[in-house]
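One chain comes next, on its own, written as structure tokens: the form predicted on its own.
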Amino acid sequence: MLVCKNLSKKYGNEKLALDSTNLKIETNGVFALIGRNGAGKTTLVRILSTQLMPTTGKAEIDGMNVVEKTGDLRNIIAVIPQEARPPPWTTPKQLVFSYLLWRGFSMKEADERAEDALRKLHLSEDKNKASRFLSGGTKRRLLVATVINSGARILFLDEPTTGLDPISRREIWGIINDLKKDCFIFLTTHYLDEAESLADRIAIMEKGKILAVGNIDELRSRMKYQYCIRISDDFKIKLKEGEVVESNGVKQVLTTKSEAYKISKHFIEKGAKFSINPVSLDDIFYYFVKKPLNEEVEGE
């Protein structure tokens, strides 16, 4: 289990980055933490991965306190920090190989594992090129390569696909799906489709607090309205139950199943173009936070 009890972090005289955060999840599969910039995601990851001391409260991973058992935890975790960059003078092969040596693998096994990781991330052709000559997306893939064969039982991936093209993102999704069979992955992401596709459980964070935790169906069940109709035509909508939200010129009607049926029938009769689906993670996030994901909050 991963457990946080009243975990708080304050930087100097600034506002709380974490505000009595409470969380209890099993350490298996993929757990995704979503929230706006400044919501506290990176602060939580840094505390859980033994890089930052909390101000108050405590956190434990598999019964080990993250402050008192730092050495023990570092033997079983691997981290890709959000701000991490490969050293510009190292090559991909040097970086992955040296990291695996540091993890305790023999020269032979570290070499084999490094070659395999570089192959999986399509970095073999660039493995002997200095990192300063690599593109931003390639550097991000290189960081993922450092941890996928590390043997760590718990991986903290802080926005690992930021800056990647859609194809590279999908490739890393496939790797994460393979890794979760053998280890627990704590993922933060700004991509809601990524969280929805990969995560067994999702938590929504806002202003240093966890607002909701569960799988997509559990989160959906907590909403008052569980269906969403999207329509681009300028139709007036009369609702008995529901609410209308407009975003980028598209009207979204959040409503009940029975009301959605009536509205859809009306739209079909009028020849309107629309779509209807169970509410998405984007709708769920907006419901709990009442603001879009791409807005920022103060602090981190």
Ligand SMILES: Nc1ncnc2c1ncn2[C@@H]1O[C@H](COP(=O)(O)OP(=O)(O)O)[C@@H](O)[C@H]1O
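Predicted model only: the values in this text are computed from it and were never measured. Just count from 1 along the sequence shown to find any residue number.
Beyond what is shown, the protein has a form predicted in complex with the ligand; the following relates to that form.
- With the partner omitted here, the stretch from 23-31, 62-70, 37-45, 257-265 that lies within 4.5 Å of the ligand by heavy atoms in the predicted bound form is 37-45.
- With the partner omitted here, the residue from Ser197, Ser135, Asn177, Gln82 that has a non-hydrogen atom within 4.5 angstroms of the ligand in the predicted bound form is Gln82.
- The ligand in the predicted bound form comes within 4.5 Å of a heavy atom belonging to Tyr11.
- The closest non-hydrogen atom of Ala17 lies within 4.5 Å of the ligand in the predicted bound form.
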